[in-house]
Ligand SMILES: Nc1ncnc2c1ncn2[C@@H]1O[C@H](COP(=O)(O)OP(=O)(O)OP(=O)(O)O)[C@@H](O)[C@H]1O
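What follows is one chain in structure tokens, specifically the form predicted on its own.
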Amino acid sequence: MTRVVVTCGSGGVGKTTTAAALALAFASRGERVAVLTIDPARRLADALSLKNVGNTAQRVPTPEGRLDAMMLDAKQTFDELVSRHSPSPEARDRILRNHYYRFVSERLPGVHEYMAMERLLSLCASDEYDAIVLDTPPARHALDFLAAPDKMAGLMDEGVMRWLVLPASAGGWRMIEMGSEVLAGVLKRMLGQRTIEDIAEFFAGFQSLWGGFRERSLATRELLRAPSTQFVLVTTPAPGSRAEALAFLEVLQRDELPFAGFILNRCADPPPDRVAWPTTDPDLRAAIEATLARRQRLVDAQEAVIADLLAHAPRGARAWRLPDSDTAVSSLEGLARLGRLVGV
């Protein structure tokens, strides 16, 4: 079974770089790996030193294994989904040409998360990969992704579907008009007759796809809860990051999602046990000792934060520490060094 690692966390903590490092580490073990970002920013391409990353897999040159990088294109994924599951070429073309479908596939709230769900499921079902690393958007948007399977399954409920396709059935809009001429008039003024017809045609054409959407939504919900899936929270040991990390952890535990642990970026290294004093100057030695003491206090504070995070986590959760760096990681060699520090 394909292993899925989902990296979550707030913005600005190095989550995408960490996801790329994990994917490279898996590939270095000889695995076939895909790293998929559903964050529309270009950070994944930058982290992997690629000019561009899109919906189609782009191969990353690695000495071992196989590593493909992708960035979700929700519209293209939706189009491919319709093309793959439409009962006929004519039904496919009616949907793809429909004006309301174009709105739904590009601007409907939540469509990005729904299509991320579909893309992840299709990658797992392809059997092309041993591991998939999923880079989610910042925490507040990642929660939308986690809720997408349940929302889509609810939308595809048979009772909801019957209500939605009513206008497209024989006399459907006429029934609404008979029930309330005022309502019908308001709808026509707000939307226009052409838009109403487009909506009716969209739901009529999409009716044959509802069942498949619901099945795949339920399959994705099972995938996210499967033993082969691991969620990792990327954060920093700064006290200000603690609250957001714990809030996200609470959601994971509430939804019974498998949690592997925390990856903590920008950790300070402890001071050396022994110091080879370069000088006998007492003032300089005092300044060095003060610097070392400050470093130790910083390390003690970060270890207290890490201990607190682990105390709230499920039994068996781990914490991986990644060192602080003055420069951003922008090479495969740098990513490989980070990946070796994480044993997810």
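Heads up: residue numbers just count along the shown sequence, starting at 1. Computed from a predicted structure; not experimentally measured.
Another form, the form predicted together with the ligand, is not on view; read the next lines as being about it.
With the partner removed from view, the residue among 220, 229, 265, 98 that has a non-hydrogen atom within 4.5 Å of the ligand in the model of the complex turns out to be 265. This chain lacks the partner; the member of 43, 318, 295, 66 within 4.5 angstroms of the ligand in the model of the complex by a non-hydrogen atom is 43. The ligand is not shown here, and in the model of the complex it never comes within 4.5 Å of any heavy atom of residue 31. Although the partner is absent from this view, residue 333 stays clear of the ligand in the model of the complex, with no non-hydrogen atom inside 4.5 angstroms. Among heavy atoms of residue 303, none comes within 4.5 Å of the ligand in the model of the complex. At a distance threshold of 4.5 angstroms between non-hydrogen atoms, residue 258 is out of contact with the ligand in the model of the complex. Taking the ligand as positioned in the model of the complex, the only residue of 305 to 323 that brings a heavy atom within 4.5 Å of it is 323.
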